[in-house]
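Before any questions on how it binds or moves, here is one chain, the form predicted on its own, in structure tokens.
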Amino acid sequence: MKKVLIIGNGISGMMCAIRCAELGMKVKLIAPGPSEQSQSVMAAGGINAVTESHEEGDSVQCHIEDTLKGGAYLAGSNAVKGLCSDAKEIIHYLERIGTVFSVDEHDRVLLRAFGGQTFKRTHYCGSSTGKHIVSALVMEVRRFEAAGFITRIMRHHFYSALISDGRCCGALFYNEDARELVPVYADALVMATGGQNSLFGKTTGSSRCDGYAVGRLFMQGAALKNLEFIQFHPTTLQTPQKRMLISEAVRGEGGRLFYMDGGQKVFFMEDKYGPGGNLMTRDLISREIVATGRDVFLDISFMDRKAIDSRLPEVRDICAKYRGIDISKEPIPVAPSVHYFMGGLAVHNDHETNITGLYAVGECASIYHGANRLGGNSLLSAMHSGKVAAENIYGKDLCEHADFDNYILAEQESLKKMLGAKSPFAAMHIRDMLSDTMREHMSIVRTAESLSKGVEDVRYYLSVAERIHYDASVSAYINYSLNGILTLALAALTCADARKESRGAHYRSDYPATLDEYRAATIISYNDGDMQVTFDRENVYED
């Protein structure tokens, strides 16, 4: 019986585990905490699919075309076709396991429009779709856990993959309780670790999704892809804790963006782009907000209070709780913030990386979204990618486990030495400085000069990362993860500097044109401290 190790228990990790179990494979599902605390619960707006309830004129082909166009034609046609074609079955599956999508008084499915979509095709559960899907998947995981097919393990942090001769045979974890490294062997390792929020500090996402796993695997030989494409969500609310997402659902329900000029509201998106201006793609709206140089607001107060309560309860509660705003009476002050990472581990259509036996699913895998993700496609890709990876693992040969005893002993000693080091530098201090650097130099608008300064800063942080002192007030993970996070940040800046054009979520004011020579995926590889960037046309859309 095949043994599969999955790291991360959000939607993509759970879906992969469930499908593996359905196929008769044994799964270990490992994460720092429970699924209910994963970033997936924050996904508010909905999940895209063309089903029997689609609007007149919509089709799977139209969904495919919207996805490819929204991604500036950097996603592969075959991958996107598989994603959109599977969407209907995914919706039906979610309904079968208990997800209750919103319906009208006649029990007809309600659909909303998200940016970049030709038709309304986003299914939703109020404004907390991710939370509902997580709850349904948790119950399925527990069912297979009771049957002996899934084992859940928490309070374990990823340390490194176990790789020998280009083949992955499991992973090494830091056990918080035992304070030691623990190997877990498997026939396949699936990464479901989410995005790279900690590179930027306060974002709309979870700080648990910090990018370390991707950075560490990069240092172990895994190729990365499209790291320069970082989606800024145009409407977020500043709070002392983080940037709170004001879901695209608000604009999907008719919300309007404006700024004040001489006592008058200026609906700048509608003035420039027409009636659909508030539902343009996220990268474009984010740049337009920045270009105003003004405080921008999102207004939904004209909507009936009962409709707000039924369709946007989470947005209503967030605004009331964190800023004392009643959205039925006053507008919401909004600004762009880092929200989603189109880049990550480079995977083939079967979700395997360039390392045999190593897979990636969900946000940490770069495959479906190209240069910019459509709203509503993230939950879809999380579900679909988990299924695809599981089905392909089922059909692959078993891994022959190598001897990792010497490697594990060496890493134990290395970790012990690191945690005993003394210096003026603390890991959290360097991570805070990194966040400042990335927000300034990897922002919505980029230039060669700014990116070069960002590279210089991160190289300095790396030069002191080996001499940090152990801070007993934080987890050992915070200390040992620093080098991987910094390396990933340097790789992202390097990719952004190499792409001398503007496309999708990557905008260079010094190279504002979109050039055909760059209609290619950015692939970056690592070899003993050196990074090499190439542009790959093989798996991108072709006319």
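Computed from a predicted structure; not experimentally measured. Residue indices: 1-based, along the sequence shown.
Note that the form predicted in complex with a small molecule isn't included here; everything after this is about it.
- Residues with any non-hydrogen atom within 4.5 angstroms of the small molecule in the predicted complex fall in just one of 288-296, 198-206, 457-465, 253-261: 198-206.
- Checking A192, L227, L345, C84 against the small molecule in the predicted complex, a heavy atom within 4.5 Å turns up for just one residue: A192.
- Out of the listed residues A498, C62, M42, A476, M42 is the one that sits within 4.5 Å of the small molecule in the predicted complex by at least one heavy atom.
- Using a 4.5 Å cut-off to the small molecule in the predicted complex, each of P32, Y340 and E363 places a heavy atom inside that distance.
- Using a 4.5 angstroms limit between non-hydrogen atoms, F158 touches the small molecule in the predicted complex.
- Although the partner is absent from this view, R373 contacts the small molecule in the predicted complex, with a non-hydrogen atom inside 4.5 angstroms.
- The small molecule is not shown here, and in the predicted complex it never comes within 4.5 Å of any heavy atom of V540.
- Looking at L5, you'd find every heavy atom of it more than 4.5 angstroms from the small molecule in the predicted complex.
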